[in-house]
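Take a look at this single chain in structure tokens; it is the form predicted on its own.
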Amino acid sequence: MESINAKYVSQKISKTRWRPVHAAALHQPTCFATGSWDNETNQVCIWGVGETGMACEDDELEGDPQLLCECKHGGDVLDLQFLDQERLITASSTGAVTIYKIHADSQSLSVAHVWDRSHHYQRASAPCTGVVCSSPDVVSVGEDGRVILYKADQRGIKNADSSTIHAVTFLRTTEVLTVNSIGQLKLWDFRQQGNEPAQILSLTGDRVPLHCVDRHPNQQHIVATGGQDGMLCIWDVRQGNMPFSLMEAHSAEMWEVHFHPTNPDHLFTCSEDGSLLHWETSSGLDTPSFLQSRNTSIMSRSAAAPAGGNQSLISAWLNGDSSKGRLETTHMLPSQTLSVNSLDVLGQCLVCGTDGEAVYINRQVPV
């Protein structure tokens, strides 16, 4: 745990995201953004972390994130995503969607555009619960059940869902996948007219609310979700309408799930129970499996998947023969804390934010 840096920031952190680096760049990310919630005044902040190995007079401060700039945010930050290196977008409990501009050298942050009350009921605003970006397109979802696409010819799918939508991700350029408060995944195709989803997937039995969703970076049909019961679900949207596998992950709500963007045999989850887990399919001569029991005593680090994607590693998430591999999990935080609300991983760098008013950074994630 020596590689973990904790920074106390005097505000509850609801969202954390690394600032993207150029695809051609070999260096690790050096900036991340945070959004706060449940504070008297909420803020969006940009933080910088020094290059690994930089000399520091005080060893305890080496790698400690430094506040570069901040900007007030109306309402709780319920989601935060980078649109590109210079712009980030937030979802607010007030129903607003806001684009922030990061100015030269990350020394200042300002509001570039606001879509006020994008999400609303008949006589009141509705929280905007999630945003997703595929530049230049932005999609937001909210408690009002709306799915809204923002572009020159803005189009909203009104009354898309009778339930609260909790999260959204792009599957393809014209398709998004949402998860809602009654345990459903819905696939929306913006090429289709009307308010009906192209596909609905759901858990059988109890309608446990789903809180988060992420898509496999190389194979769009593989999707991971987490919800109120702390279970991790893997879905294949091409086959059937039920999850391919379910695994016990956390003892309370799972708030976020993320595949590693370039090594997708690694996956990360965080929870209300104060834990952050690193899930890894171990590779060897046999095709690994995502269906083996977790917490094995021996840890082995799998090879990084090549940029084009390694079929045997990718299919590990959907391999039905659990005897030919195993899944391993590692607790990434030194001790249980208050709710871990958000995480992001890029390269070997992981950042997470908690209700304990702390941000944790690990710049040596073994992926």
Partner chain sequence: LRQRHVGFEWGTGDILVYETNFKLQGAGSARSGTPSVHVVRKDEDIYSPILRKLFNESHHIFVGLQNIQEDLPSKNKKPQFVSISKNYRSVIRACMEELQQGAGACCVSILLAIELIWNLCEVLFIDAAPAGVLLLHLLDWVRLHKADVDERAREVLQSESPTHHHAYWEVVISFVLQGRMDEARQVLVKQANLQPASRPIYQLMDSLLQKMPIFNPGGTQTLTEFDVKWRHWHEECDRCLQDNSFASNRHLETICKILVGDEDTMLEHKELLGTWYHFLVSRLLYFHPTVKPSELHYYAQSSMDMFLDFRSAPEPLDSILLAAFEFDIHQVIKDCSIALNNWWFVAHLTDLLDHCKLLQSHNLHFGSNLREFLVLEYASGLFSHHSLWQLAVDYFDHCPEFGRVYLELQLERVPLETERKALKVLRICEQRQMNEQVRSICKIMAKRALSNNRLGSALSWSIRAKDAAFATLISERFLQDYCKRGSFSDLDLIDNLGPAMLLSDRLTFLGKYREFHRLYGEKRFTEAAKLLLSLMTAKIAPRSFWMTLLVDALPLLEQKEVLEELFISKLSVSLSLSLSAVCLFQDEDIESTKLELLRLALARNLAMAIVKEGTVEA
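Residue numbers count along the first chain shown, from 1. Worth saying up front: this structure is predicted, and the values here are computed from it rather than measured.
The next section is about a form of this same protein that is not shown, the form predicted in complex with the partner chain.
Exactly one listed residue, out of 85, 239, 251, 107, brings a non-hydrogen atom to within 4.5 Å of the partner chain in the predicted complex: 251.
Site annotation in the predicted complex: the residue of 218, 81, 245, 163 reaching within 4.5 Å of the partner chain with a heavy atom is 163. Stretch-level contact check against the partner chain in the predicted complex with heavy atoms at 4.5 Å: of 133-141, 177-185, 258-266, 110-118, the positive one is 177-185.
At a distance threshold of 4.5 angstroms between non-hydrogen atoms, residue 211 is in contact with the partner chain in the predicted complex. In the predicted complex, the partner chain lies within 4.5 Å of some heavy atom of residue 15. At a distance threshold of 4.5 angstroms between non-hydrogen atoms, residue 93 is in contact with the partner chain in the predicted complex. Not displayed here, the partner chain is approached by residue 127 to within 4.5 Å at the level of heavy atoms in the predicted complex.
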